[in-house]
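Given next, in structure tokens, is a single chain: the form predicted on its own.
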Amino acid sequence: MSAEPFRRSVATVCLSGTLEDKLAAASAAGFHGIEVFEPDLVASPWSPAELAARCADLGLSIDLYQPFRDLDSTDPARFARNLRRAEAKFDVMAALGTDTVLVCSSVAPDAVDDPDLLAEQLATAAARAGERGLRIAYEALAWGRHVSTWEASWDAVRRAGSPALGLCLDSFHVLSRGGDPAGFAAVPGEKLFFLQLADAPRLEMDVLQWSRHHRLFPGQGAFDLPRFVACVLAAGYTGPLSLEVFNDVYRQADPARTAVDAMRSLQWLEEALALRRPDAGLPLPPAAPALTGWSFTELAVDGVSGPVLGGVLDALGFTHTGQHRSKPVQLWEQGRARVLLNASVVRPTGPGVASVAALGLESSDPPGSAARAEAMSAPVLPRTRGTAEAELSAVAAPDGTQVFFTRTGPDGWPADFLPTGRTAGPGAGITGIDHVGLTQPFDAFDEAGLFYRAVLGLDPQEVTELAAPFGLVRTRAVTGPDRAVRLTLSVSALRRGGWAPGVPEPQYVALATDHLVATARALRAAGAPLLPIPANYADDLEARHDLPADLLAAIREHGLMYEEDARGGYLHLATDVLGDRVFFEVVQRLGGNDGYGTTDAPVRMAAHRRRRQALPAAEG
């Protein structure tokens, strides 16, 4: 990427830890500046001057001091006290070396509702700021007592007519109330003092609670931030793009990771702006090359789980066709589905555990995919390559899964495997990999959605929630535009307590077939460990759907599951949990179905629980 067109800033309230932790994380992630959240300064041992010096050492500017609350008052004595409080904050700002303070619209019972009196009081405070070379950026809180829209805040600023008084536009406060950013065109550019950015999911709840707990970084929610920012820029704003995100998860997560996630969100946003305004000359990162399918899914195994997984793959109709030249990695194939069993991955989770360690994705331009990842704050991982082995690039997803950019062909990665002498046959009718399901760490769900969107160019689908046997589960799919690559990401919506009998962070590989009933018969005949599904489930299906009698009979016989969307049906089965964490699904999409068996997940989870209780020794 060429020279950056925008300054990037982050409010310290976005990050967990002490002020020292926050500054280190922001600097390491590449931010240019910060907003100092006053409670962070109050809790810091640094004086304002010492904080300014530390920021300078880290290459960070202090772009805003915030927030100053409840300035205006119908009580003259209280307003006088508020002005004295403001003078004290101006002293702090002078020591910090920042010239702009955020003043929020008042939520106090004595807030001014007379537009002329409000303008007069803002002008009085701004005059005192202006005498010291400082500015006040006035922001309408979405829950402000009398000023709760950006239009009302602009009316107050316009009436005040002070050169030291301007607007702070906050995307959450504007968009959460349905505000139209097209109206920013009526505001002179020199009156746009600051811009704060936050995304959010669409929620039907009190706007204050929505704001304080559920904001997200750009690209992670439902707001059209590219349009919002484009309108601000078109109105003449020239300051930094600054993130102010209140989020319960971010406030307890590793600040270094959160800062990288925040930076990636701005990189994604800037690209969206450049694509929206092709005539503006904004720099673009390398485009995300098309991902055309799955090369492989790699499972990490050991001496206990490896034989279990190998036996199940054999029963699923796969053939062990290759052995890696220099590593203890097996290649298993059936149709276009390829599964690697890697016994060289060191895992701290204990013996007998298997997990999805890597995803191999077919890229139309693997070097271009790597360059795209680097531009989106996902550095290519260092990798040891043996003599005559393919040169592969991989990046780490937020959950630690490695994502490889590959081409499958005679000179590609399959050449790293020596033939075993066994040739893959028709097997059980499995044709390829439909999708892979990955449970995310509690802190990484939104981060993962943005990672796959920004780094790989996949499209996040709607977030859904399901009432699982062991708590609420949140899930979303990320897909390529042609669905050649699909992933599902899941997370427990709340941290679990001591009783958590479900599969810990389950993962699965969904294998595609064109004829699931025939495949199920073949798998059962081969002794594949298919998951039993209760008869009640089939009874309910029969009541809800007009399914053919022979299909209902097969559903009952083989433990199949079925759901529908507007385009067709989704027929699937699952295996037992293998290696304590991983299972396989086999799926058939009927009539263009675009689902993932989400409505069946609670039934499958309960069945896995019963199966694990009944067969503890079989799981490795």
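When you see a residue number, it is the position in the sequence shown, counting from 1. None of the values given here were measured: they were computed from a predicted structure.
Missing here is the form predicted together with another copy of the chain; even so, the following discussion is about that form.
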{"item": "F6, A28 and R524 each touching another copy of the chain in the predicted bound form (heavy atom, 4.5 Å)", "value": "no"}
{"item": "Interface stretch in the predicted bound form with another copy of the chain - options 588-596, 46-54, 554-562, 571-579, non-hydrogen atom within 4.5 Å", "value": "46-54"}
{"item": "Option touching another copy of the chain, based on a heavy atom within 4.5 Å in the predicted bound form, out of P469, G183, P328, P163", "value": "P469"}
{"item": "Option touching another copy of the chain, based on a heavy atom within 4.5 Å in the predicted bound form, out of R132, R544, R422, R277", "value": "R544"}
{"item": "Another copy of the chain contact at A606 in the predicted bound form, heavy atom, 4.5 Å", "value": "yes"}
{"item": "is_contact(V42, another copy of the chain) in the predicted bound form, heavy atom dist at most 4.5 Å", "value": "yes"}
{"item": "Any non-hydrogen atom of D550 within 4.5 angstroms of another copy of the chain in the predicted bound form", "value": "no"}
{"item": "4.5 Å heavy atom contact, Q252 and another copy of the chain in the predicted bound form", "value": "yes"}
{"item": "Members of 68-99 lying within 4.5 angstroms of another copy of the chain, judged by heavy atom, in the predicted bound form", "value": "R81, R84, R85, A88, K89"}
